[in-house]
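Two forms, one protein chain; structure tokens for each follow separately as structure 1 and structure 2.
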Structure 1
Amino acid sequence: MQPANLFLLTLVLAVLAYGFGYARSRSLAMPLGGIRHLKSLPFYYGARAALWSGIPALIVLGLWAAFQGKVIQLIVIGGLPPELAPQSEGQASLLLSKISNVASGALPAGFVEAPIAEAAERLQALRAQSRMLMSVLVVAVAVLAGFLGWLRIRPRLNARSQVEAILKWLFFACAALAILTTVGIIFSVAFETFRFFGKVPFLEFFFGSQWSPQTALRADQVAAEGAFGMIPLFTGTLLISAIAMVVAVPVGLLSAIYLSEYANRKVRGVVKPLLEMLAGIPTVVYGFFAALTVAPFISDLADSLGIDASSQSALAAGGVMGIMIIPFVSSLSDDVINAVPQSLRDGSLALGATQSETMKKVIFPAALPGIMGGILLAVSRAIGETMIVVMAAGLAANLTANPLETVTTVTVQIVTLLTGDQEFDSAKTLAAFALGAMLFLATLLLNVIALKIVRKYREQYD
């Protein structure tokens, strides 16, 4: 049985355990005069039986599914004759891929050596045995654990406290899983980044002004040496992000001021949802709009004015990206402005200030920390955007500040480096992880600054 089907079966068994536990608690309460003589409600007895049945079975299922592939691979590789035994991890990976292709039928057995064909048959047999053993073990654990949970139900058993304690640990496990996933991502990126700096000098990456990651994959191949200076990529990223923020911040902020302070309820109820609909448009659609409409328009306009402009430009990508970010800025700013206490408005108006003066001298300064935090979060969003830049700004890593020229960004180059068949030991591929690490640090710094600003000043206006 496949793990997904086994997972559903485990849930069904847990539901059955809940039903039996619920019924047993009520049956035990009947001779005593009703459920008021139970230590907990029948729901908790059923939930306890369900948790006893489901949690151990799911743990066994998860561990088995996580390690069965590696164990089977070791057994298959260990069964090969010495002359076919791999000498490195790379050879082992290629050999396992070949065996798996034969086992799946993608590669006919007659096209490979006899030991490989036998290994493929052994792989299929081990997989079938593993699935059968996993199914039997998981079902057995679910049934036995559920039976024990059902058997230990007593009227004086405090099932509620036990269920709440188990759920508390489950919630903690979910939170820990999210944190550990983030830590794992950081360590994996950091590990590959250190490998990259073992191949490319640290100073070349940080201070180099040329980006051309094409390198020779084989010793006998003629190719460029490769240049890994990140300055053109971060310059392009900052240029496009700056253009996007020039568009998004004024429009988004003024929209928020209008909707929160000047628009009546009917207008706000119509305009605000329409404005926020921009956030629901896929970025690829924005990319189409930038590549097919905005970029040609900018190019034609520049030609009519006698200015040289590329058909793909930072201005087109940044402008459309700014439109995409408008609802992000406007929604955050609107929430912050509305969070300013009404007493500040009333006090200003009572002293004779106009609505405009109240906005400029009272509400806006009070909401400024939150607005700045929202803008910094929007900058993080702009830095991480990829699709619009790919379609409207091109792939050329030019070190320029001219918005009418083609540029590229860090995220676009990461996608380019990891697209297609790659050799993960080459400097070209490892460069993607180094760029990712630098981008992660940049966005993390911006988010930390934004959160610090919001948290530091929020309490002053509560």
Structure 2
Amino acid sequence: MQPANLFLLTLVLAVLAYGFGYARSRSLAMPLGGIRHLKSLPFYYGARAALWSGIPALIVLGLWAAFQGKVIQLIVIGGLPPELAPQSEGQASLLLSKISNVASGALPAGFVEAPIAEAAERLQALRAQSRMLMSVLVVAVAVLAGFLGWLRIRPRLNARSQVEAILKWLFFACAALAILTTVGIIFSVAFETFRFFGKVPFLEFFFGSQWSPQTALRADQVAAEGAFGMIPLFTGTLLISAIAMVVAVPVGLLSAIYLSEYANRKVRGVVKPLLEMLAGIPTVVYGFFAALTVAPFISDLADSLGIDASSQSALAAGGVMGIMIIPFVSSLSDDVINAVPQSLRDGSLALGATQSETMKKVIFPAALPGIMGGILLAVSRAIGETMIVVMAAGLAANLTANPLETVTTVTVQIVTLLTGDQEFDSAKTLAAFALGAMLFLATLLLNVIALKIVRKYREQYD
């Protein structure tokens, strides 16, 4: 049975357990003189049986579904004759995809070696067996645990407190998933990053000024020796982010000031949602706009002025990214400006300062830490932004500060290295994870600092 169907079946079994538990508690209560002699309401006896039946079964189902693919792969690869056994991980994945293609019928069995065809048959048999076993196991666990839960129903059993305790643990597990996700991110990038540093020296990665990850996939292939220096990628990322901030910070800040200090309710009610609309547009749309409208426009404009500009200039990607970040900056600064106590404003105005003087000399300095925090968050956003740069920035890792030239960024390289053909133990693929680790660390650092600043600032006026 498919995991999705099995999931539904488990739910049905849990509902059944609920029904039986409910009925049993009532029938136990009958001779005592009604349900008021039970420790809990019949609902809780039923719910307890349902939880007993459902939770273990779902855990078994989840674990089985998560690991069956990997285990089957290992068994199939292990069962290959020694002359076909893969030498490296890359070969293994190639072989596996071949076998699964044969198994799914996409590749006729006659086209491959006999052991591969056999392996494909074994793969299919194993898959069927695994599905079978999983179904039997899950149903057995659900029925057995449900039966046990049903059996142990007693009038004096405090079902309510048990159900509540289980629910509380469930809620806790959901909240703890956030930690698990963070741990997952750290492990998935850290592990591959360490393997990467086993192949490429630490110093080359951090201080190398050459980036050309095109290494030879096969031994007989003619290709340049790969170079993994991340300096050009980080300068490229910083250049594009800087351009984005040059667009976003003044526009975002000034519109926030206007909206919070000058605009009347009506204008605010119209303009604010429109600005927020900019934040809701998917990044792929911005990327499309940058690559197909802004970039050609900039290069044509530069051409007509007699300047040489690339058709994938950093200016196009950065400018459009800036537009995307405007609402981010404006709504954060809006919050911060509104948090400045009215008494400061009134005091300044009472002394005869104009509104703009109040803004510049009183409110802005008071709000500055909060605004800085918001800007740092926006920078971290710009650094991690992917689709705009993938579509509008280039692939050439130039070490330049000229916004009309093409640069590449960390995120562009991650996407390029990890889409398309990949071999999982080559330095090329691992480099993507190393870049991911750097990206994660950089944004984490920015976020932690920014959140600290914002929080500290809030406490100041609370």
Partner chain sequence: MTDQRSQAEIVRQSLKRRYRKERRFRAYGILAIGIALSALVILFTDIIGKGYTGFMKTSITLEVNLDGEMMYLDDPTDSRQLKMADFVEPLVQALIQEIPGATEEDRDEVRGLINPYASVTLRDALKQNPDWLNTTRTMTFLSHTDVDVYVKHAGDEGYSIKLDEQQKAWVDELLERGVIETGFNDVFFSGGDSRDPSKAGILGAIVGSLLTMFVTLVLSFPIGVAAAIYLEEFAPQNKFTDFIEVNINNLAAVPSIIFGLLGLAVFINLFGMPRSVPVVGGLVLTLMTLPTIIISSRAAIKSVPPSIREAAEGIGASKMQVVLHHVLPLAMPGMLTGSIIGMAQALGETAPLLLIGMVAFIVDVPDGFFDSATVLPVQVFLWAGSPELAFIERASAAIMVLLAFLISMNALAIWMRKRLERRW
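This structure is a prediction, so every number in the text was calculated from the model and none was measured. The term rigid core refers to the maximal set of C-alpha atoms that superpose within 1.5 Å between the two forms. Numbering for residues begins at 1 and runs along the sequence of structure 1.
- Taken from the form predicted in complex with the partner chain, structure 2 is distinct in origin from structure 1.
- The residue from 101, 342, 292, 178 that marks the hinge of the rigid-body rotation between structure 1 and structure 2 is 178, the others lying more than 12 positions from any hinge.
- The smaller of the two rigid parts turns by 15° against the larger between structure 1 and structure 2, as judged from C-alpha superpositions.
- On a core-based overlay, residue 28 has a Cα shift of 11.0 Å between structure 1 and structure 2.
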